[in-house]
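As structure tokens, one chain now follows by itself in the form predicted alone.
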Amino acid sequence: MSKDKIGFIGVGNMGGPMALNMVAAGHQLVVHDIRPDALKPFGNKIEIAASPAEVASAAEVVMVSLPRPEIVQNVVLGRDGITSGTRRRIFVDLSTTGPRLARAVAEELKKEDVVALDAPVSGGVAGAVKGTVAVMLSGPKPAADIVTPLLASIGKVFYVGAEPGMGQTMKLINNLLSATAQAATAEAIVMGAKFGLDPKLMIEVLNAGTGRNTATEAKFPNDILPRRFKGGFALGLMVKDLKLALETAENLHVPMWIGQTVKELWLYAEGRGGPDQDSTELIKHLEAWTGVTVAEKQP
């Protein structure tokens, strides 16, 4: 399978680096993206397809990395979609679309003799570039075994179960905790800054103690304290993931008291600054409320 062409649709912030890592690992890719600029980093190392259907007519394994569930649904089932291809045999969704869509897509693709696997990833743009993302793979084991060596070129693969949507649910759990850590850390650091504590020192103390988390270890030192705000993940996408997580919890009759509150803070930030903000800009809206700025103190 490794010598066959692999289809890849969506080469944006996450998909682009992952596809490049697959090329670097020796895989032949046939790629489609609606934005011609997204294809430039590949040079002449890939075959370019004009539509998802064309990708699915050139490759048995077709992967997608797309920002929203409705886009995935259209790319798979819409006009000139993957189902219109002639070779497609295994579909791999690297996006975060939620278990409801994963199950619906799997059911529709089964009618077309296509096996659907969900394989959302975590690790951010930095992880996608380094090839170190966590891949949460679920679906029928025989198909999962086929694609695992391919996915190994983009990160560490965790097979989480045979049912469609298990990988998506695992990803929503991850992003719920990530969003909660960032929101709680932002509130705490703003409180400390309002009292007069040095934000950089606060982060150093937290990372040496029990308060450390992904926000204190990466987001604050790399993007928030230096005021870069270039984490590479849109705030609106975090809101989307939180909505999907709470929808899933509601369907399972699982209470989400903390999760609901976290979602409200992210919705507040989205309402003030729009969905295209970088997710690390969440703190700006707490700063505006309290009249402080969380930044490295100048010597």
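The first residue of the sequence shown is number 1, and the count goes up from there. Treat the numbers as computed from the prediction; the structure is a model and nothing was measured.
Below, we turn to the form predicted in complex with nicotinamide-adenine-dinucleotide, even though it does not appear here.
The chain is drawn here without nicotinamide-adenine-dinucleotide; in the predicted complex, the stretch among 177-185, 117-125, 101-109, 194-202 whose residues come within 4.5 Å of it by any heavy atom is 117-125. Contact with nicotinamide-adenine-dinucleotide in the predicted complex, judged by any heavy atom within 4.5 Å, is made by just one of Val75, Ala215, Leu137, Ile90: Val75. Within 4.5 Å of any heavy atom of nicotinamide-adenine-dinucleotide in the predicted complex lies no heavy atom of Lys263. nicotinamide-adenine-dinucleotide in the predicted complex comes within 4.5 Å of a heavy atom belonging to Leu66. In the predicted complex, nicotinamide-adenine-dinucleotide sits within 4.5 Å of a heavy atom of Asp33.
When nicotinamide-adenine-dinucleotide is considered in the predicted complex, Val129 lies well away from it, no heavy atom lying within 4.5 Å. Contacts between stretch 202-240 and nicotinamide-adenine-dinucleotide, counted in the predicted complex as any heavy atom lying within 4.5 Å, involve Gly232, Phe233, Leu237, Lys240, listed in sequence order.
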